[in-house]
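Given as structure tokens, the chain that follows is alone and in the form predicted on its own.
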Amino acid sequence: MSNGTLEIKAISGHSGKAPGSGVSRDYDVCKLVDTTTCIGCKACEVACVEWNGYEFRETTFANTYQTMPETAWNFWNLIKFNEMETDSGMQWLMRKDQCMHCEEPGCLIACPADGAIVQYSNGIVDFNQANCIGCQYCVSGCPFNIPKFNAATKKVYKCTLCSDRVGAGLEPACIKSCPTGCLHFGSKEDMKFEAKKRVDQLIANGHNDAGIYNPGDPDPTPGVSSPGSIGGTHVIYVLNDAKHPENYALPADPSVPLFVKLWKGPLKWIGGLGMLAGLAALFGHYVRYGPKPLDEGDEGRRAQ
């Protein structure tokens, strides 16, 4: 739900400048996930469910240690497991899956409901279910398949990066629970520095394809490519094989779908101009020809 203690940067379906209420933070927050030190213990899954007050779901066994196929409306954090055949044998690729909190969030861009999605000045993208109309446009606008619809409440839910905890000066619950130091939280500048330091360490130990996944970052880490058109994310990864993020179930070039950009951009303005043109044509016709006169049949029917 929307957190009133943080300063708002952007609101879905809201024309004009976003209100500047709330506490302004001096920096953008960021979560760093070092996949190379994840042991798949799922402590972060449990912490997320407990903090957000949801019941534990039944797990799904499909010949893997993964809890379920994907996140759900009441399960926002999932450790994904992928078995990979390598030259040295079988390898587990484990990756924490949750909302990426994009700098240019496709969910917010696509949402037509005023105030249903809020982006705070510190980078967190939050959902306010009280204003959600259940249209699910946010689902189609997300390049990471994150927002999930609850058919019972007709509302959409996702990870909030624990905006309530962050607003109170605490770290997210999943960060608190991690026993291996896989998860880190702080300013984006600090997290990018820590990620680059870890990548350098991996490369020095022979992992030449190690890198950072922070798609679309306008200020990428030196020597690290940054494909994508979402302006960077506030959840970044250290990957053992950054050249093939799809092996971690991450899109190589994430972007807001073209139809969303067209619908909320050029088509929106073209539609408005078309409506104005129609009104102008109607007014011009009235000025040129005046009101339509009634014929004799119409006058007779009106008299009756």
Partner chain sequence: MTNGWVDIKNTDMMLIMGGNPAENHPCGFKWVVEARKVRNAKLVVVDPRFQRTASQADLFCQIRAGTDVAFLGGLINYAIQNNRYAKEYVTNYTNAAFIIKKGFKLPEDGLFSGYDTAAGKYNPASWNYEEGGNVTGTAAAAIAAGDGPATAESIAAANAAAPPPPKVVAVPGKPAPPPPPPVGLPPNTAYDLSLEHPRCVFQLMKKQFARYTPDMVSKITGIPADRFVKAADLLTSIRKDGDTKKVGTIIYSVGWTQHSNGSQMIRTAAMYQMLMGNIGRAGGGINALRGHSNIQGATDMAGVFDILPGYLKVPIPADADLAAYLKRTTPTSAKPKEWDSFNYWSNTPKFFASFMKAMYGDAAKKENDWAFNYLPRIGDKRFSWVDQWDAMYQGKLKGLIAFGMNGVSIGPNSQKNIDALKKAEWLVVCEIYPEETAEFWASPGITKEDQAKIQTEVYRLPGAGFAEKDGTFVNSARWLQWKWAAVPTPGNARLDHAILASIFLKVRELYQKEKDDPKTKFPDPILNLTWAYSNPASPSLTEVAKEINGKALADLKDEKQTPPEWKAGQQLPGFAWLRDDGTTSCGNWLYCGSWPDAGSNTQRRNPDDPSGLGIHPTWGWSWPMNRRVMYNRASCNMEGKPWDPSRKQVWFNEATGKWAGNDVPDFKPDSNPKDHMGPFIMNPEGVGRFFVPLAPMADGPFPEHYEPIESPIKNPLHPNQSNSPVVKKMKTDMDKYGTSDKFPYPCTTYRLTEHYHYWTKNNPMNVQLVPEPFVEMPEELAAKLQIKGGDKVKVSSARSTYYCKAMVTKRIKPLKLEGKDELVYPVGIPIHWGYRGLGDGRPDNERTPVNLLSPTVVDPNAFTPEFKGFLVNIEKA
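Residue numbers count along the first chain shown, from 1. Remember, predicted model here, so these are calculated numbers, not experimental data.
Here the subject shifts to the form predicted together with the partner chain, a form of this protein not shown in this document.
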- Heavy atom of Glu45 within 4.5 Å of the partner chain in the predicted bound form: yes
- Query: Is the gap between Asp219 and the partner chain in the predicted bound form 4.5 Å or less for some heavy atom pair?
  - Reply: no
- 4.5 Å heavy atom contact, Ser140 to the partner chain in the predicted bound form: no
- Heavy atom of Lys158 within 4.5 Å of the partner chain in the predicted bound form: no
- Partner-facing stretch of 197-205, 125-133, 109-117, 161-169, counted where any non-hydrogen atom is within 4.5 angstroms of the partner chain in the predicted bound form: 197-205
- Item | in the predicted bound form, the one of Ala173, Ala210, Met191, Met94 near the partner chain [non-hydrogen atom within 4.5 angstroms] | Met94
- Candidate site Ile39, Tyr65 and Phe75: all three near the partner chain in the predicted bound form by heavy atom within 4.5 Å: yes
- Task: Using the arrangement in the predicted bound form, list in sequence order the residues of 79-93 with any heavy atom within 4.5 angstroms of the partner chain.
- Result: Phe81, Glu83, Glu85, Met90, Gln91, Trp92
